[in-house]
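This document opens with one chain alone, in structure tokens, the form predicted on its own.
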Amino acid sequence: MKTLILKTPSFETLIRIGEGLVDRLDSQLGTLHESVLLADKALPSSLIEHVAMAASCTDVVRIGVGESEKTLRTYERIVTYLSDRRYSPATTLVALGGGSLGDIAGFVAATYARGIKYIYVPTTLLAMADASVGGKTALNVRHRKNIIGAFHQAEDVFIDPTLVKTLPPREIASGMAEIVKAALIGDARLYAGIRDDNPSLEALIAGALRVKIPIVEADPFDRGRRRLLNYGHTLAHALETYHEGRYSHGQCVASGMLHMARGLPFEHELSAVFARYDIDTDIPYDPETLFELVTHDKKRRGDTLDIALVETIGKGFVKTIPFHEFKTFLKGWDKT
């Protein structure tokens, strides 16, 4: 088992990574006196029941997942459930699911009773390698992705790579895209391993998180350096909205990264890496419509936009550009 720690002045997260970790969850958790489980209803009942028992959860709330579920209506249903059952500020919310469920759980935990503790057991590769760590929580409003949110980090994260081995290829590919992103912006050796070898899932997840953790520690509230983690995401979020979720988050991120790599020495190599892991980056769009969607991006600051760039593998950086210049990243890429 690998253990990582994310520590900032306002929070500390213990991250455990290991195969079979869920089977030993009760011994890792200790005693929780007042806890409730928020779970992806599509998960096997046996897994939900096991985690509920291990965490001493007296109630289980099952919800749907996906961007369409990250709504104020879902949020209201959960907090009403907690309030009706008189859950106190001492409650621990245990989250079991992928990144969308983690977003909802984190926002509930950040706001219910002005903030309660929560523990996260991610069940997708995307959540394990990225979304489970860092404290970002969010809801969508009228197809505007992550427009409401708060920073509220899980106190404990339990990552068991065996949970993803039965996921469909689309889900594995989505997670691999975020792992490739981490390697591109911060770890050339990890990228070489992805390109040339067959690292274990545990090694890939740990490698991606080792890139992310120091960036979050240096900028826990996303005011500068942390925007490096958004490499490829400005276009990705617009693509997700444009296609109303028909393409996975990872596919859109991979497509966004390829666009940002246009004309660079590693462009074709990166395309080959995505093909190796069956990550489909061929996503159609209209440049004018996509640019309009980018105007809602949270990284826009008036007439400027903060974008993450990579010119040398393993050495990403953030650059502020005039917003209108972002159109140059779309010119010539009309794929409608």
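Start at 1 and count along the sequence shown; that's the residue number. Just so you know, these numbers come straight off a predicted model, no measurement behind them.
Below: the form predicted in complex with a small molecule, not depicted.
Shown alone here, Ala127 lies within 4.5 Å of the small molecule in the model of the complex, counting heavy atoms only. For Thr166, a non-hydrogen atom is located within 4.5 Å of the small molecule in the model of the complex, even though that partner is not displayed. Proximity of Ser255 to the small molecule in the model of the complex: non-hydrogen atoms within 4.5 Å are absent; the residue sits far from the partner. Interface residue remark: Gly99 is counted as part of the site for the small molecule in the model of the complex, having a heavy atom within 4.5 Å.
Exactly one of the stretches 278-286, 59-67, 28-36, 265-273 approaches the small molecule in the model of the complex with heavy atoms within 4.5 Å, and it is 59-67. A single residue from the set Ala261, Ile119, Leu204, Ala131 has any heavy atom within 4.5 angstroms of the small molecule in the model of the complex; that residue is Ala131.
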